[in-house]
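We begin with a single chain expressed as structure tokens, specifically the form predicted alone.
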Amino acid sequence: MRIGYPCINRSIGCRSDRKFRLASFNPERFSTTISGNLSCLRQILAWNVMRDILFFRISSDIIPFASHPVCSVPWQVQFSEELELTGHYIRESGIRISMHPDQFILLNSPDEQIVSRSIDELAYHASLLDLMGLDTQAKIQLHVGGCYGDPEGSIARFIREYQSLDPAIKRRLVIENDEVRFTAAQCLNINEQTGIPVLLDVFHHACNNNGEEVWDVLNATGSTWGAGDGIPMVDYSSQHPEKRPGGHAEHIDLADFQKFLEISRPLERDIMLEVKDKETSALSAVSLAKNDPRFEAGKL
């Protein structure tokens, strides 16, 4: 069991997701931004490893506009050595990596242009993980998408587009349930037709479910992950007391997290904390989870 957080470390003094306006694109600015992002990523990973935080979600913006037609710079070649070195550190440290394209990536959109752009973006994510030499335990997680007034038709569209994807994308892709549209049960139905692993978002399940107990859904979704997929991943958060239902908490609720650890036993899961204060909550969660025999500490 590894614990992590997404994209940004607020303590370290740099960001690995810096970008700029599309209108400002030029090769020099593009290359300088990538260099800074990769440098900061390595600093974040080293900071995490020293604190037994071994799960990290890399920002999609680490290579700005990578899938956009404006991007003519061969960044895959230019930064191949840096990416290889980063991947080597990830492997040697026992870090688990994931990525999560934004909400505009919609495989099930009725608009063919949106689908095409979404596939290009997924191809970029897959190529980035490949260039770092990471195995298929490094995953790209995706929501099923919109309902468009016809949930079943939208699911059928997702399945059709998924089945036609390049194997380089399919081997990394997982789907997750969301808090409004598609439940874990619907994701499991998609898995039955495609074999795509299902990542359980625990908080989303609390918001949008068919009455299933958390342990039962943890077990069912975990069974969709094959040997090459690694330990099943879950997303964890809790409700912010002052936000609309589905609003993520600013800081981890340790009593709730302890309850989740107890409910999930003896299942092994890598836990991504989708909590607003990022590494601060991750440190608290690690401190609590170190008493759990499933917890995995750093190798370095």
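So that there is no doubt, residue numbering starts at 1 and follows the sequence shown. In this text, all values refer to a predicted model and were calculated from it rather than measured experimentally.
If you look for the form predicted in complex with the DNA, you will not find it shown, but the lines that follow are about it.
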So in the predicted bound form, does Gly87 come within 4.5 Å of the DNA, heavy atom to heavy atom? no
In the predicted bound form, does Gln103 have a heavy atom within 4.5 Å of the DNA? yes
Touches the DNA in the predicted bound form: Pro27 (any heavy atom, 4.5 Å): no
Wondering, does Glu274 line up within 4.5 Å of the DNA in the predicted bound form on heavy atoms? yes
Choose one stretch from 210-218, 88-96, 108-116, 161-169: the one whose residues place a heavy atom within 4.5 angstroms of the DNA in the predicted bound form. 108-116
Decide yes or no: are Arg18, Tyr148 and Gly247 jointly within 4.5 Å of the DNA in the predicted bound form, with each residue judged by its heavy atoms? yes
Mind listing which residues of 1-17 have a heavy atom within 4.5 Å of the DNA in the predicted bound form? Ile8, Arg10, Arg15
